[in-house]
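A single chain comes next, written as structure tokens; it is the form predicted alone.
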Amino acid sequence: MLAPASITVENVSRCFGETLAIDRVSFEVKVGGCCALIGPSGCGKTTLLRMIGGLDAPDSGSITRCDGESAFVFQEPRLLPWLTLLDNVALPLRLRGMTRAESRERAAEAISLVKLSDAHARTPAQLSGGMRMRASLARALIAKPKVLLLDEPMSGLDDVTRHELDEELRELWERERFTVILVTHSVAEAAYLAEEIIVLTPRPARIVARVATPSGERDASSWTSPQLNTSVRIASEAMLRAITQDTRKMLRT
């Protein structure tokens, strides 16, 4: 029996003026699954993620979410500089009318999930880049969403911090099993975090390949495992073929 779908994208297209950005894209992500979208810059990955999250709408096709509330984590943490870490994380619940005491209690729980319990009283200026991204993730998790949408959240971090946060995010997903869709430019990151990599062509975005990654838990040694590297190679080659074909097409016109 197939696992039920949390998100179904069916024949979705999106235009901006006369420019076709997304062209008849279809895929499913099962409940509790993790999928990564990769492709060249400007191919439409973020546009597709915004439509999945309800921040934009397709011109044709349909997107169905069957697994409750979703939360975004963007490239920039977008923390309010005058609030402490605790109050930044609590803010979504305060805006919904929850009391300060209760929202702070929930915020402390979310902060514990991302391993920042010793930084409650710090302001964003007192946090490192990796800590600010952890804070952004905690703020997304505070409402206990069923779906987490990640738009290149690690892109501004150094490699060491990025690997560390990827490992913590994978561990968190394995434990909590919310549904995740990740947009990233890093094929290795996609292979480490996701169960499936969806490779998109240059604009307009079409699916050129779907690459499964090794099943099972990950740890620091997984980055160099032959199985993971095979998924990275297949996805990278698929994206390179798509870019090369697009370049040849442009040269012929």
Partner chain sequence: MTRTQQLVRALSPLATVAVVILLWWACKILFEVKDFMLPSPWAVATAFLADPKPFLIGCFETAMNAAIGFGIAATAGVLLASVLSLSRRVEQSVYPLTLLFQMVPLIAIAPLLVVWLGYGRPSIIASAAIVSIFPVIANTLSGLRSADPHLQELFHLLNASRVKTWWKLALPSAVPNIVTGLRIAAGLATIGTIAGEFIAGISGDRAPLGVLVTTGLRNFQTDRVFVAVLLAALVGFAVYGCVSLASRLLLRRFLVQR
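As the structure is a prediction and not an experimental result, all values here were calculated from the model. Positions refer to the first chain, counted from 1.
Here the subject shifts to the form predicted in complex with its partner chain, a form of this protein not shown in this document.
- This chain is drawn without its partner chain; in the predicted bound form, the residue among 33, 61, 53, 40 with a heavy atom within 4.5 Å of it is 53.
- Proximity to its partner chain in the predicted bound form, taken as a non-hydrogen atom within 4.5 angstroms, holds for one residue of 144, 120, 115, 94, which is 94.
- Just one listed stretch, out of 171-179, 79-87, 153-161, 105-113, contacts its partner chain in the predicted bound form at the 4.5 Å heavy atom level, and that stretch is 79-87.
- The closest non-hydrogen atom of residue 139 lies within 4.5 Å of its partner chain in the predicted bound form.
- Using a 4.5 angstroms limit between non-hydrogen atoms, residue 101 is distant from its partner chain in the predicted bound form.
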